[in-house]
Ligand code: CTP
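First comes one chain, alone, set out as structure tokens in the form predicted on its own.
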């Protein structure tokens, strides 16, 4: 188990994997947890390895897989279940077969996974999967009630066609549903400076209406804002995401808007009781002066001239004592000088700069490269995932709140 103590416990999730056909969904679950900026530590049973080799989980989790064989190979293998239990904040078992659920309910610890469960003291989530008749059996229902009474979150099974060809309730919850449960559990146990704070995040590019079918917009995907909202939520904040690109399955409040004016109104309402505002959205600087109710016909015209007027500066309009404000400066080129000027002009606490012309990062990409301008100086984050960038920005916000 060498190396486990070097892993951040707060972001590590124990993922118990048992021998069910739904195990293929667990591979996607582990991959998704990594994308969420978490560190899955997979513990498999012998039966699970008959379906999927440990190497698959090691590849998608970017960490060694723990199993009954490895428990005796490492230094101090006698206590691997204790070390694993200490290394994480949340434990999820998916798929959770009838056999493993029965062992968990009755305290049988005859493999590494069930022994780790008994030693674990954080939130536990199970995602049952089995034939509908097995699921409805009195013994299985009794075991599920026992686990729920002890505080284990039992995710409901889904209805549909089962591996045996029959129809019924016994399909494992989707990876997205399980990830949401994990995020809820992590947020509930957060204890940092953002825990309990009200955070408003904006994301996506606004659309400024020209007529009934046309608009002026930009290519912002909203990924950076969603990563920031997810990160704040994982740190225990009460999050409101105001966005033009509403995500599915968010664990926090989402307000869907389209134009700069709609975003300004929604942000104005949300920040009245907020502690932090993070303006990651790509808000249009200008909008058409005239909003045509119908459709502008092409007719015989060769050109179309639009008069554009300035939109409201949302970040500037929200300034008030006690609100920690974070702005973003997407510049065409390495124009840190412009970013510094913007920070000073807007009087904000933190400004995040990125170069939209840098290849492979920024708008629409899953990665970014940022420089954070703080009151103490500038912090550069080399090219990495947007989840990792959000983690770095949240660190700076927490430093500012603590200060």
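Residue numbers count along the first chain shown, from 1. Bear in mind the structure is a predicted one, so any value in this text is a computation, not a measurement.
Form predicted together with the named molecule: not shown, discussed below.
- Stretch-level contact check against the named molecule in the predicted bound form with heavy atoms at 4.5 Å: of 279-287, 235-243, 296-304, 79-87, the positive one is 279-287.
- The named molecule in the predicted bound form is not approached by residue 117, whose heavy atoms all lie more than 4.5 angstroms from it.
- When contacts are judged by a 4.5 Å heavy atom cut-off, residue 335 does not count as touching the named molecule in the predicted bound form.
- In the predicted bound form, the named molecule stays beyond 4.5 Å of every heavy atom belonging to residue 340.
- Interface membership of residue 346, defined by any non-hydrogen atom within 4.5 Å of the named molecule in the predicted bound form, is confirmed.
- This chain lacks the partner; the member of 174, 140, 311, 169 within 4.5 angstroms of the named molecule in the predicted bound form by a non-hydrogen atom is 311.
- For the options 330, 152, 185, 155, the one in contact with the named molecule in the predicted bound form, meaning a heavy atom within 4.5 Å, is 330.
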